[in-house]
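Shown next as structure tokens: one chain only, the form predicted alone.
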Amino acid sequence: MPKVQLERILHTQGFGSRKECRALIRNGRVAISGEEIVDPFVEIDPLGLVFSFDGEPWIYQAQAYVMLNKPAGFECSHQPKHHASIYSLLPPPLNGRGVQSLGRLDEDTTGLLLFSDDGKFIHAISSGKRKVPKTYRVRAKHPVSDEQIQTLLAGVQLIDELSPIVAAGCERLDDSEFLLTVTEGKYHQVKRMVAGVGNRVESLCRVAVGGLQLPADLAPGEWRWLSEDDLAQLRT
């Protein structure tokens, strides 16, 4: 990979305009291998580059692929109406490079939420035509009967839908909690499906997208880069 001026590297990573990145470097806020770099035009190989900004390490990523454990009380919007924006949980450089969430989770829904600035990737995962499975842990208000499980798997007729919506998977965890897998991305789909079988969602957490599971060690409100293994699991 050809070498690139440091100011350009910072710019691609979302740290500001080219002019702003030059100023950040000249003000001594960027270091590589512990050495402060003040020349914005020094050429560096970005492949595998780890630099620090104000003492915090940052890994160069040609494209951003990120997971977040969404907590309740956040809206998946840049212009939220009633709650804080989910983007406020991401570091400024990710927002600076324009990452977008892959689909949305309701304000009261928690769990695995993905972000990227790669348009093709966003479309491939979030498009309803691709039918990427998404699994939710559902806590219902009332005990879940065998009949309700079977109806979810056979198909639930929802208002304004031409045909029944069929769950791709449904597994009971206890009397009132179960895993529900869907492949569509319809408005309030899980809540409407559960209501359609005569129950009600009390809490909802997305635990998987494709083959990618929400990591047990990723606390609510925390984010991390997707690894190559994560991306491979996502596509399975």
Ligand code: URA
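Computed from a predicted structure; not experimentally measured. Residues carry their position along the shown sequence, with the first being 1.
Below, we refer to the form predicted together with the ligand, which is not included among the displayed structures.
Interface membership of residue 69, defined by any non-hydrogen atom within 4.5 Å of the ligand in the predicted bound form, is ruled out. The ligand in the predicted bound form comes within 4.5 Å of a heavy atom belonging to residue 191. Shown alone here, residue 74 lies farther than 4.5 Å from the ligand in the predicted bound form, counting heavy atoms only.
Not displayed here, the ligand is kept clear of residue 118 by more than 4.5 Å at the level of heavy atoms in the predicted bound form.
With the partner left out here, the ligand still marks one of 50 to 58, 27 to 35, 183 to 191, 170 to 178 in the predicted bound form; by a 4.5 Å heavy atom cut-off that stretch is 183 to 191.
The partner is absent here, but in the predicted bound form a heavy atom of 109, alone among 109, 101, 135, 148, sits within 4.5 Å of the ligand. Of the candidates 156, 86, 144, 105, 105 is the one whose heavy atoms come within 4.5 Å of the ligand in the predicted bound form; the others do not. Applying a 4.5 Å heavy atom cutoff to the ligand in the predicted bound form picks out no residue from 154 to 182.
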